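In structure tokens, one chain follows: the form predicted on its own.
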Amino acid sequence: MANTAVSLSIAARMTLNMHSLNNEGGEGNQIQTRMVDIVGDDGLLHTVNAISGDMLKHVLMEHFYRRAREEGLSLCAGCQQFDANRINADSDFIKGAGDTGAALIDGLLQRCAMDDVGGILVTEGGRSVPRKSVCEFGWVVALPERVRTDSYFHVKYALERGPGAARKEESNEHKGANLGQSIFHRPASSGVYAVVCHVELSRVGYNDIAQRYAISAEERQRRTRVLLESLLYSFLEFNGAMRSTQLPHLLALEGFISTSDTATPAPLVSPLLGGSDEPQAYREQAEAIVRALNGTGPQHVRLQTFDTLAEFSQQMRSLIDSITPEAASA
């Protein structure tokens, strides 16, 4: 049975152990992890470990790129190479693109599924024409008092040690090559993190300037399916920094998925709500919002809760197999 949807939201609490997915840089031999200041459920400021929404968006688009190639979706020359400049790196498109915003966006949507769902600012050729992303991610932030970050000692083992090896490294031939034994410190964080995501499914293939669809309904369906699969994969394979030696332990995932088949927004409540004392508060509020939005009329807004990664995967698979993107309101 097909389900129509205009928008979809995901809110979840994710328990990650020993990860270093997002770092700010390094100073000397010390890598500095990402830290942000937030207001907790108690109304006080807290400094917590975090993963930027940019990182999650990149993870999503990496999965979308792979699936788009497998499914034969249209990709511009830049996206075929996973170029960060995307359609700006497609010289053939830039040469033939129209000067007006509506015509350019029509061509962009027809040419590239990745620029359609991921968004892009077309700047090549003196232009400044935006395509807003269909997907929105917030910062993944740890719950105060439910996270710990520490720095761990590491060493690069060298077979040659002692004065002779030191003199060799200091020689002009090898100077700066870092061939000797060296020590360094890497951070790792463990905690419960709040994740929020919103997807405007009705905008897949939609020209916001001309207020019309630039691709067929069949193509919209294909792109929507790949997008939702990529969103699922983003939780199953949480990419980021230092995964070669600090692959995160995803211990738990619980939250809700909400959908709406009208212009009524799919509710999204931050999992920071309730803090450590009331872990179900954000889900309870979301359920109350859904009841208020639907009232006694048609049930246009729906919400499903999940308590494990397996339940989340099953619910997403059900949506992927049945969902049809509803047309945007003119």
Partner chain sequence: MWIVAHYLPVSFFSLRPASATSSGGQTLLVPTPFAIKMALLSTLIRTRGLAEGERLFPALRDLPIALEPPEQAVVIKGFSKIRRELKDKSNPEKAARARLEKEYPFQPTIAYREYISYYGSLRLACEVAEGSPLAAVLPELLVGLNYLGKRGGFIQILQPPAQSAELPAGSFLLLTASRQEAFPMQGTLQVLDDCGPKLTFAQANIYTNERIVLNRDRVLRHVVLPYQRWRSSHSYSWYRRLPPP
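Quick caveat, the model's predicted, so the values are computed rather than measured. Residue numbers count along the first chain shown, from 1.
From this point on, the text means the form predicted together with its partner chain, which you will not see here.
- With respect to its partner chain in the model of the complex, the three residues E124, G138 and Q211 uniformly fall within 4.5 angstroms at the level of their nearest heavy atom.
- Stretch 116 to 124 is the answer when you ask which of 68 to 76, 213 to 221, 116 to 124, 247 to 255 has residues with heavy atoms within 4.5 Å of its partner chain in the model of the complex.
- By the criterion of a heavy atom within 4.5 Å, D41 is counted among the residues contacting its partner chain in the model of the complex.
- Although the partner is absent here, D37 sits close enough that one of its heavy atoms falls within 4.5 Å of its partner chain in the model of the complex.
- Looking at E200, you'd find a heavy atom of it within 4.5 angstroms of its partner chain in the model of the complex.
- When contacts are judged by a 4.5 Å heavy atom cut-off, T264 counts as touching its partner chain in the model of the complex.
- Taking T259, S234, S133, S190 one by one, only a single residue has any non-hydrogen atom within 4.5 Å of its partner chain in the model of the complex, and it is S133.
- The single contact residue among V226, L108, L143, V196, judged by any heavy atom lying within 4.5 Å of its partner chain in the model of the complex, is V196.
- Counting a residue when any of its non-hydrogen atoms is within 4.5 Å of its partner chain in the model of the complex, the hits in 281 to 318 run Q285, I289, A292, L293.
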